[in-house]
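In the block that follows, a single chain appears as structure tokens, in the form predicted alone.
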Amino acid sequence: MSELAPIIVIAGKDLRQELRSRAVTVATLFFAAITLLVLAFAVSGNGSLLADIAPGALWTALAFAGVISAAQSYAAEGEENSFEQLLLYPVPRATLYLGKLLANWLYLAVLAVLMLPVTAVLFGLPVAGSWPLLLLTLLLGTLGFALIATFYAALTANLRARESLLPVLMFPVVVPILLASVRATSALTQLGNRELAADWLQLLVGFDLVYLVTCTAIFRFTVEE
């Protein structure tokens, strides 16, 4: 329990900071909603195609919004030159990463839960009866995305071209997470195949565990170099 306390403190600091400014919330909600609206409008004349692309549209909107959220998670410390002070906390470097990760994951998971009913309405996505597994898919998918986004945001935080480098570096790594999340969502909403969805969810769990162990183990090298 004592090891969890600093992680919760760091995550709480980031979430309170966002609640006060709401800068990232406004930007990500607006960007995700516009992405879904434009994609739905582009294929609105084809009902079957509209439903087919719904899972991909949902995760595309979440991925773009997640990049904005991750980039801003280190921006406040950078603007106030307080990241070095954060590194002076008498806790392992991995604790800093896990605290930032927890804040990013909670934020992205809430955004995903808000975007799911919007996607269901705009794209005619049948979600009734699949809510428990759909929520599990959103939690596992956003966790995998947050694991990679938080790590690469720290890696590029002190670079001059960090806004352009972050998506270039992280998207090739996050592709397996996004593909598995889209397939699991599609299996639940379009095919109604829970066994197939369970296979993709097991793959998501595997990816999440690998990225969690790897990113936590090597995070200290990204902030000490």
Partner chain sequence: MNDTSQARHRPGWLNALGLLAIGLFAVGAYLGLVVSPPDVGQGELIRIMYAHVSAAWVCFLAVIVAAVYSMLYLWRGRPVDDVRAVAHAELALLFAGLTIVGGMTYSKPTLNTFWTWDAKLTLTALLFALLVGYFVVRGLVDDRERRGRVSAVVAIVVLASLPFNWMAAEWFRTLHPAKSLDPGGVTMEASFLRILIFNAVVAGLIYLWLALERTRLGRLEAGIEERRERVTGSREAIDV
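Residue numbers count along the first chain shown, from 1. Worth saying up front: this structure is predicted, and the values here are computed from it rather than measured.
From this point on, the text means the form predicted together with the partner chain, which you will not see here.
In plain terms, the part of the chain that comes close to the partner chain in the model of the complex, with a heavy atom within 4.5 Å, is 175-183 out of 62-70, 175-183, 32-40, 48-56. Contact with the partner chain in the model of the complex holds for all three of L165, F207 and F221, each having a heavy atom within 4.5 Å. Within this chain, L201 is remote from the site of the partner chain in the model of the complex, having no heavy atom within 4.5 Å. The closest non-hydrogen atom of Q17 lies beyond 4.5 Å of the partner chain in the model of the complex. Within this chain, Y152 lines the site of the partner chain in the model of the complex, having a heavy atom no more than 4.5 Å away. At least one heavy atom of L169 is located within 4.5 Å of the partner chain in the model of the complex. Contact annotation for 6-23: no residue has a non-hydrogen atom within 4.5 angstroms of the partner chain in the model of the complex.
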